[in-house]
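Okay, so here's just one chain, in structure tokens, the form predicted alone.
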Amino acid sequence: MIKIIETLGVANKSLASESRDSVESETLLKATKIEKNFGNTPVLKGISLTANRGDIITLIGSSGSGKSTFLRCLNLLEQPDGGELEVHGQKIGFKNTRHGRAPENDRHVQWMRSRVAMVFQNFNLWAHMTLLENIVEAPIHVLGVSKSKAYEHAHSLLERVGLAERSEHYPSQLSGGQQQRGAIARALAMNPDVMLFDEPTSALDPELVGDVLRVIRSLKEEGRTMILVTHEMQFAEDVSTKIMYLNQGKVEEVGTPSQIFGHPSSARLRQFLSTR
């Protein structure tokens, strides 16, 4: 069960079943001055982000700039060493322990994870389960959804991502692009408020990238709130409401796609874009 929660970014039944309709704040996720160290090496040096409903925020930057680590901190798959996190205006409290900084209340973490789902670079589908079983696992066992409703919803999601005929296939029987679209369907099965995408196309063959990007683009069209890490610059320019350029663990420049790609002010950003 721990693996289910960590992989899907979901909560226990009592917290995850709270109605989304009761949430009035337009700010869905807020991170303030997030810091993260690996040993004595600072990886994140005070990064802040605010995601409002319908925002699509893309993090760009060179490998090692802290993009994926920051994304994992937003879902507490990595524990921040400093800074604050808020979901719908509710702060996720932290405490200092002998093992380092940790969330002070597991229920707050579970509540937060019920609203924030993550799609990983390497799909993370369970190899011993069919695609359909992968999708229904958490709704049934974490959210307490009935099997009939979970399977009905899963079939509709598979149809939506173009995998209706692959429902009984195992991950090993699917292409990388099909696995990633299945992973997106699995995240959608939790009805998250915010979706995190960690380089969702970087592990795919070039001919498979387009199918995954089309699914993500369809999520934009329905108003989903998303935070993406990607090296697909044209896609980032097309779909994003905001671009954040990270360099050496800091936000070096932030702006609209037209500002970032059309009129970058940072010399490092101009150099980064020239190599894309």
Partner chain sequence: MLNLHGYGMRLFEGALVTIELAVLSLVIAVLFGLMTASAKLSGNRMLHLLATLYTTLIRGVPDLVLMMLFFFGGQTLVNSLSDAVYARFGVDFFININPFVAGVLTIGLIFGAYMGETFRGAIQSVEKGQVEAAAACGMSRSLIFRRVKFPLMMSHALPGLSNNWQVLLKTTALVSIIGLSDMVRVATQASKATFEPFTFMLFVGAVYLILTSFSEWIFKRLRLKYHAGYVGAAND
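Numbering follows the first chain given and starts at 1. Because the structure is a prediction, the values reported are computed rather than measured.
Another form exists, predicted in complex with its partner chain; not displayed. Remarks below refer to it.
Enquirer: Quick one: from Arg72, His88, His153, Arg101, grab the residue that has a heavy atom within 4.5 Å of its partner chain in the model of the complex.
Expert: Looking at Arg72, His88, His153, Arg101 one by one, just Arg72 meets the 4.5 Å heavy-atom criterion.
Enquirer: Val145, Val161, Val116, Leu188: which sits within 4.5 Å of its partner chain in the model of the complex by any heavy atom?
Expert: Contact residue from the list: Val116.
Enquirer: Is there a non-hydrogen atom of Thr201 within 4.5 angstroms of a non-hydrogen atom of its partner chain in the model of the complex?
Expert: Thr201 lies outside the contact set for its partner chain.
Enquirer: Is His128 close enough to touch its partner chain in the model of the complex, meaning at least one heavy atom pair within 4.5 Å?
Expert: Yes.
Enquirer: Do Thr97 and its partner chain share at least one heavy atom pair within 4.5 Å in the model of the complex?
Expert: Although its partner chain is absent here, Thr97 would stay clear of it in the model of the complex, with no heavy atoms inside 4.5 Å.
Enquirer: Examine Ala138 and determine whether its closest non-hydrogen atom to its partner chain in the model of the complex is within 4.5 angstroms.
Expert: Answer yes; at least one heavy atom of Ala138 falls within 4.5 Å of its partner chain in the model of the complex.
Enquirer: Checking a candidate spot here: are Leu77, Asn124 and Ser175 all in contact with its partner chain in the model of the complex (at least one heavy atom each within 4.5 Å)?
Expert: Looking in the model of the complex, the three residues Leu77, Asn124 and Ser175 all sit within 4.5 Å of its partner chain (heavy atoms).
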